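Listed next as structure tokens is one chain, alone, in the form predicted on its own.
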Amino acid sequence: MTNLLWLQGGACSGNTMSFLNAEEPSACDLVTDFGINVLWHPSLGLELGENLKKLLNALTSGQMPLDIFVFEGTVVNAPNGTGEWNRFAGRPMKDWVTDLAKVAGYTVAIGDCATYGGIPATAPNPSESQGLQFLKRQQGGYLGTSYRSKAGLPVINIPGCPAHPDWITQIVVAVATGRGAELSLDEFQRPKTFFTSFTQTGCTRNMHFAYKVSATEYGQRKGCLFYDLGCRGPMTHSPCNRILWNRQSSKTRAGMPCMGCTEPEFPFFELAPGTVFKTQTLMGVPKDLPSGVDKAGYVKLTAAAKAASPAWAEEDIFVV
């Protein structure tokens, strides 16, 4: 059996709700097929009060092994670094995080808040929130740059707002079945198997992107969402159009822009009025360009693409 403990800090429970909708494998499969013993979870845990404290103390003391420590939400440090705004089982949650991370075989951060701080850490960050090992793009976070779990890995970050349920369960299975050492992580400690390609990969609007034909309204079945509606699919590392949500769709397929929630900067532009769902431009050129494309190259490509644009690029040819 593999002991798994899931705690929740400053969070909206979105990643818990996502996890419970996992299908490949499901949350039940983790228990029945992969031998994972869910010691406690905010929505599934049965222990309360003193019994919960006994469980947590048994883990921190080493009396009971903790193979996988999953954390959802931010580490709340307010007020003044005490963590008293987020108490759990008789003490600040951040103190449990400190002690449990020391004894965990693997530590896994689920969702944008646990990985980078997410929305709670957006300026002015009154809750003094941090991700487990990052604060936005800056490495360190609550546990510090040098943190390694007992297996020798840093925190495994599975970002997203929320994280896709199957990203969560598949990484948990990889760890539980002894393949944790095979995980390859990128510079933000995300598993490369999920976060090497871009959200744009597999997007059904790619032909519209290529010919610079823009969608002008949400939900519109034609046109690319990048040029006017602030879609960050070409700059965001995620498999949202390869591993579909509910096995059938994604935000861009449904006509909504990607907001880049798997990147450390999310939410972009610090939620200033007029910046959400609107492409920020300078002299008609998007401020943020597709990864690896420079401004001069973008201008040349755009001119050529518009000149070559066929009539069908303006039509609704969406088939999924």
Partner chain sequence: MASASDESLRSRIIGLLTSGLATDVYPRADSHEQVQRLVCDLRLAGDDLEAKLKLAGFTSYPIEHAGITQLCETCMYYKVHQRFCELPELNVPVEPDWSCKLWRI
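This structure is a prediction, so every number in the text was calculated from the model and none was measured. Positions refer to the first chain, counted from 1.
What comes next is about the form predicted in complex with the partner chain, which is not displayed.
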Interface check vs the partner chain in the predicted complex: of G49, G35, G274, G292, the one with a heavy atom inside 4.5 Å is G274
Checking S26, Q280, S43, N57 against the partner chain in the predicted complex, the residue with a non-hydrogen atom inside 4.5 angstroms turns out to be Q280
* Kindly indicate whether K212, G284 and T302 are, all three, within 4.5 angstroms of the partner chain in the predicted complex, using heavy atoms. => yes
* Asked: So in the predicted complex, does S309 come within 4.5 Å of the partner chain, heavy atom to heavy atom?
  -> yes
Would T216 show up as a contact with the partner chain in the predicted complex if we use heavy atoms at 4.5 Å?
yes
Q) Are any of the heavy atoms in Y227 no more than 4.5 Å from a heavy atom of the partner chain in the predicted complex? A) yes
Exercise. Quick one: does K222 come within 4.5 Å of the partner chain in the predicted complex, counting heavy atoms only?
Worked result: yes
Within 4.5 Å of the partner chain in the predicted complex, heavy atom basis, the matching stretch of 98-106, 125-133, 157-165, 227-235 is 227-235
